[in-house]
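One chain comes next, on its own, written as structure tokens: the form predicted on its own.
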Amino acid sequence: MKPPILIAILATVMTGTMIVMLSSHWLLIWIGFEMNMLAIIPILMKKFNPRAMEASTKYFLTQATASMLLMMGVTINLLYSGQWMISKISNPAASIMMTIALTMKLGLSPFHFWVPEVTQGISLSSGMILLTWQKIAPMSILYQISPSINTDLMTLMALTSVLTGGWGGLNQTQLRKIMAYSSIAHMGWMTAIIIYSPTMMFLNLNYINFYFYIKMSLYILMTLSTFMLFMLSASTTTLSLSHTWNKIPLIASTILTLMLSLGGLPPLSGFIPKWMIIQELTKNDMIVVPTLMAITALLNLYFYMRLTYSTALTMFPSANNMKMKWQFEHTKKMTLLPPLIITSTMLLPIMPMMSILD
């Protein structure tokens, strides 16, 4: 794809997301979603092959169905309230329909089936955009309509997403599918807290009260770092990742730390959102849900640990044919990788500052 075309398409994807995030009118939100969806298709098919075409078609059909459901929910709400404003959702049926549409766009269980298939069929760079940037717009709308969301429905979907994300990734050897199931589980954690205390998910960045989700921002940081490491080592399977010690030894130990952070182990950044979410749910007299979520998160930790074991804790059982390779300068330049890795693993000391958000 030629650079000017790629820049135009990426600009359209970003514009679509920004329109969704900054609008309070349902028609503009729908237009933003459509812009975003139509512009992402060529990015998914960047390396054209039948598998990428199939993945793009699945993505298009799912997102189009979700947009249709969203528009139907908006229309029902319009008939009852006579308003297009996002803050006025007076009909329970419209609220449920909108919630289902947005969770379908996010890939929450039971609408998660497209996520592993689409991610596996596209390149690592396209998968990185799909599992990070593409989650921002639906999540921002879910946050804005959170007061009118059906609590039982959202909690059930969040719980099943965490379970599906852990269970589905257990037997996988394909890294893109593992990251897809990881994404489903993380989305489950985010949506579990959004109905109880959406403010707890925000990180205050400056004086104009511009907020980002704590969980969302850390999830995006960790997923970006992981995908960049996979792209740097050109790995798509556990087997190819296990060769990393031979090519770039430092990356092998970095992957170990990053995987443990994704799993949410205490000294690392990934523990922050899990800690806050469990604390906030227990404050709301929810004991069973966070307990089940914490237990099912161990399934995720298991397959992250399996990746770290094959990458950094074992030596590959073959003769080292590339003794000098790691000494050469690497051709792939990942400029943002060092700061991303640091923020993805070492943010726990900022936890005391979070108390000002209460």
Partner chain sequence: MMTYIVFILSIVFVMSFVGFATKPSPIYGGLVLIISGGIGCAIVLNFGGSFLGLMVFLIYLGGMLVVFGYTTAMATEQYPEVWVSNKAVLAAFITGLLSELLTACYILKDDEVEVVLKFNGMGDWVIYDTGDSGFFSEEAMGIAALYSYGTWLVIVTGWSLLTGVLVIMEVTRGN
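Only a predicted model underlies this, so the values are computations on that prediction, with no experimental measurement involved. Positions refer to the first chain, counted from 1.
Just so it is clear, the following notes concern the form predicted in complex with the partner chain, a form of the same protein that is not shown.
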Inset, instruction - Just give me the single entry in 292, 305, 64, 28 that has a non-hydrogen atom within 4.5 angstroms of the partner chain in the predicted complex. - result: 28
Inset, instruction - Could you spot which one of 156, 76, 248, 234 gets a heavy atom to within 4.5 Å of the partner chain in the predicted complex? - result: 76
Legend entry - 4.5 Å heavy atom contact, residue 91 and the partner chain in the predicted complex: yes
Inset, instruction - Spell out, yes or no, whether the shortest heavy atom distance between residue 133 and the partner chain in the predicted complex is within 4.5 Å. - result: no
Inset, instruction - Indicate whether residue 351 is a 4.5 Å heavy atom neighbour of the partner chain in the predicted complex. - result: no
Legend entry - is_contact(residue 12, the partner chain) in the predicted complex, heavy atom dist at most 4.5 Å: yes
Inset, instruction - At a 4.5 angstroms cut-off on non-hydrogen atoms, which residues of 1-20 are near the partner chain in the predicted complex? List them in order. - result: 1, 2, 5, 8, 9, 12, 19
